[in-house]
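One chain is shown next in structure tokens, namely the form predicted alone.
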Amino acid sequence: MDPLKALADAERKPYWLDSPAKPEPLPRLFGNTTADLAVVGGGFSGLWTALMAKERDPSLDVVLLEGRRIGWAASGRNGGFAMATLTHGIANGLERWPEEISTLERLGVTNLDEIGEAVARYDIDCGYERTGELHVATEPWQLEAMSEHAEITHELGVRFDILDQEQIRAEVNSPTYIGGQWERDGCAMLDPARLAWGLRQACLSLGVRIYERTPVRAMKDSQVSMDLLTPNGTVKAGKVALGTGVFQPLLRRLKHFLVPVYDYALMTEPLSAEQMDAVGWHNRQGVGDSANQFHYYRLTDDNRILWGGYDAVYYNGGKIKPEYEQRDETFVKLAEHFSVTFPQLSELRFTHKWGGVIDTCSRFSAFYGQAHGGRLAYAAGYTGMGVGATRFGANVMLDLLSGERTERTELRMVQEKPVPFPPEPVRSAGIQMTRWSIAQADLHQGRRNLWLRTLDRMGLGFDS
């Protein structure tokens, strides 16, 4: 495959959002209004919060404010892997909250079950398939880590089936695979944009008022209400839930814990029947390889292959800019890696290429909190695994706003904050050093250098 030729006709837009199913925009907010609960952000975090607030109490007056369009940011640009893990994988959870890992795994599986139930209940056409995920090894050192991981997961009652080279290639046929694991129950594949649009419709059906193209410019605490100021009106709310991810936070303290990391992806044209026969993939699992700089890939409804990951890019200074959503250097690299993984698909072309920004925190998994005397709650820092975990985070925010002590709010994971990132320019220097070190680890059998080992001891990390 010539990567430049394969990319020549690819459109510079997210595949999922380039769909005839995309609904017309809802009206902007004009004038002033009130609400019992105002939700800021129209991605998965905000949508699940608004929906479940109405499910808990149908009499609640709920308003959702979205600065652009529902699902336009990370929620509409990701790989569509809805994972059960709430901790960015069992290994990360064990390292940080070992005494809670069994509970966290149980809550995560329940959360994923309930996502599937909500998709069915609201008749959301998002291609939901509970296929699980293949974790593939392409180097011997990755197999060694998998063996230890399998023992731990077995003790926790999580199903990770060990596959040898022949078995893994029988699932998905790539000459690069030397073994792997099939996480049977912990992942569902879906179309993330159609899920967001379906959740939008579900919210509307329950009476949530949604205003698109209505950015919140400022927030004021009048003691009587939380006042959200938009370009053409104000919402006076009893309580506020923030689901704005990595974008300019209305709560200043959040900026110390979040950095914007850009992730990139390609989408192929649909595979022919012959090409599908050549690659196998009959069980339609999501796939992730096991390097530090990893790829993720999956099939769509019409048998395209989404191929993303590897480069996790932090632009010095931590700016978020539209031009960062396109990075030709990364697209060429991804196309080259695709051709190595699937040489039998050498004639395949890419139709879309895009990027998106991820809300990354130093512990790799979401953190939660309150402000303004408990009248505001937030969840952020999903670090690339928010398709499933945002629903759990929405429940945490609603629990916190209600003042209830629940199994969720009593978790140490929920009560603790990640280690903050240092200020610029130290932040940029440290992140770029970490990116270089991660790449070096992949070149040296996964061995982590002194810098990475020091960060591990400090509880700091960088991931996508």
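Counting begins at 1, following the sequence as shown. The structure displayed is predicted, hence computed values, not measured ones.
Separately, the form predicted together with a small molecule exists; it is not shown, and the next lines address it.
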| property | result |
| --- | --- |
| Within 4.5 Å of the small molecule in the model of the complex, all of T103, F392 and G459 (non-hydrogen atom) | no |
| Which of 157-165, 353-361, 176-184, 122-130 sits within 4.5 Å of the small molecule in the model of the complex, heavy atom basis | 353-361 |
| Proximity of R77 to the small molecule in the model of the complex, heavy atoms at 4.5 Å | yes |
| Residue contact check: G384 to the small molecule in the model of the complex, 4.5 Å heavy atom | yes |
| Exercise: W197 in contact with the small molecule in the model of the complex, heavy atom 4.5 Å | no |
| Exercise: A193 in contact with the small molecule in the model of the complex, heavy atom 4.5 Å | no |
| Contact assignment for the small molecule in the model of the complex, among W72, F338, Y314, F257, heavy atom within 4.5 Å | W72 |
| Heavy atom within 4.5 Å of the small molecule in the model of the complex - residue from Y296, W97, F342, W281 | Y296 |
